[in-house]
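What follows are structure tokens for two forms of the same protein chain, given separately as structure 1 and structure 2.
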Structure 1
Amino acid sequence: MGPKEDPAVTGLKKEIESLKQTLKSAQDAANDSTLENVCSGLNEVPRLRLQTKRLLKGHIHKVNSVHFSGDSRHCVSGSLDGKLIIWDTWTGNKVQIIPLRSSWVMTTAFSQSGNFVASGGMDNMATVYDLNNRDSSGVAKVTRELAGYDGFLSCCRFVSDQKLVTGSGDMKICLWDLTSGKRIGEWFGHAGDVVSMSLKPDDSENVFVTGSVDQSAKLWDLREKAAVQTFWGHSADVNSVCFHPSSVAFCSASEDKTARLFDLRSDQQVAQYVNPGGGGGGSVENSTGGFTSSGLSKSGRYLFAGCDDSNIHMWDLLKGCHTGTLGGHENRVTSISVADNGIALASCSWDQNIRIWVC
């Protein structure tokens, strides 16, 4: 029999749930319509005929992360084989292979300029590599090793070539100055591991959204001391968040087998997306797996979500209908990344491969 919970803690939990319900009631009262009703007059989007243009093979263990460079041509992948690989997605060739000191990589990031990549994982640090400079062994030079976490590093993104923002298993968000190697900001707010982040397209140097295993997503502004907004709705880990190109909304993907759309202006969820689940009619109960990753098309009309069922599911974001499935991976899809120019989608999987999808 487990230890008894402190009555004060029990009371606080009840108070938090009561406050959540109060906020939800206020949101519902202000919600005068639904996205589906507002968009009912729109024509349905054509079904995307995405095909695997390149099958990138080179890793010999599960691939956990993939991220496009700002040039929409190169991408970085990180695998449990202890390697980062820089790929030319146009030719399918490996540009660089970077051996890691720890094979337990969980996240990778490519800078917008294409000059740097970062990675991190169970080594509890973020490591930054300069792709334009090599060390004595001919490998991309390590420019910074950013330590100071009490948990694994689960997500990171370059704010610029000089700054990196990270999220970790100690529920902490850190901003690093890569020139000095010093931490210049630290934020707390999540009650669980911070596992995903996405920069706001029209203010990427200041604003971003995070997803956490505490079942929430939070909006942050680096000029503020705490989270600006908190979004509830998921009933399990929020594995992925992705800003809409308009910068007024973001999508999330969760272990609860749903993807959702949250509007910053209305401060609430405006749509929910479920995969058909093998004839299940789009119900959560009949869905075939939780969602691990998410991405949005350049137009913002198509939503993509990687899934435990080895597929990538697609929806019309505005009308909410499931528009297709990308099959090809043979194991859990762990990460997806949409190229900045909107032409290609990269996905990686526990099947050890990366796929580049184009129309």
Structure 2
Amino acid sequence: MGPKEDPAVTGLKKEIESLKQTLKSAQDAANDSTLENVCSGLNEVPRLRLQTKRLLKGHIHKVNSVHFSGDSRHCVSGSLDGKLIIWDTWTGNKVQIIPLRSSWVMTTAFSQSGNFVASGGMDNMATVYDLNNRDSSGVAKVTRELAGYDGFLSCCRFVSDQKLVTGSGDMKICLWDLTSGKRIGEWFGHAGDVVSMSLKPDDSENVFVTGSVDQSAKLWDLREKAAVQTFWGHSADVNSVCFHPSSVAFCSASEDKTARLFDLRSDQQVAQYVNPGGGGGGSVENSTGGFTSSGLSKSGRYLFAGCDDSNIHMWDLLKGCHTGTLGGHENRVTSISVADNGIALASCSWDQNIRIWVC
């Protein structure tokens, strides 16, 4: 394509190929066992008996995102009806309703402290609301409107009450300082929309992993200028990533109907989870739809993935087996969130409801 290639470019291309080979060989060299082998002696855990203890109704359009607060009690949900609702999941009450300036919300985030929520979507902006400060009409005040994206806002997370990290459709990751409203960092590396991110539990101020439409997941450190590690394996968009509570691995869920576990220190995929009767290579008629979201239980033993088929699938992470589904939603499950203290799982769906699942 284009004019005759410069020999320097050809040389670099060769080097790129050989570096990719080196990477692959190094990963294969570390691949001396499988998760299945190491965990073969483990006992099975009791089957999860989760029930919908709260059915949160209030939205009048598809709900795209739900996220628990650090207090494991409140959660925020964003819907295409142009509202953010802050729920008290213990009582089922709506604590606040925040009307959005643009109804095309794709992501929401609750700060760990519970003081702020952020949302954004097709308006190409991230907006931060202060829940403790209301404006004259009684609605949570907008503290920041962060513009400057070349694409839609697809994911965001509060690193702290003062910093927000975002992933967007223009393939980049931005770090914003909320006290000044300025962008303090920008990271490139993904070759497609950055659709999901998850902060590392033991270093949530600096390290996080992102999942992207370019089929890879990347590990970032805010102190470094480029991605630290890249994880390949998925054959379609990586719709969601979630760090394992041990902080040494993360799971991902993808459009290719598989969920995978990637380990940071061996720098590769260590397990794959499919839905029996569907999943990677299965026939189209049996397929249950791609996974849109993922979450892990507090001990990291159970993996949850929300699916296009309206169910939430569950796997025993260590044994690799599919242990069941949580049914109830009547349309695609778009987002799930596990409470920090592990007591509940929240899920939201295109059926306009949010369900809180508890044992």
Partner chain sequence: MYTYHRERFLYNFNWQFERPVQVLPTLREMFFMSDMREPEYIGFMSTLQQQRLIVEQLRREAAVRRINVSQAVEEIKKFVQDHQREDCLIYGFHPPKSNPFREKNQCQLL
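From a predicted model like this one, the values you see are computed outputs, not experimental measurements. Rigid core (definition): largest C-alpha set, two forms, superposition within 1.5 Å. Residues are numbered by position in structure 1's sequence, first residue being 1.
Engineer: Which depiction, structure 1 or structure 2, is to be taken as the form predicted in complex with the partner chain?
Structural biologist: Only structure 2 matches the form predicted in complex with the partner chain.
Engineer: If I align on the rigid core, how far apart are the two C-alpha positions of Glu17 between structure 1 and structure 2? Answer in Å.
Structural biologist: Its C-alpha position differs by 6.9 Å.
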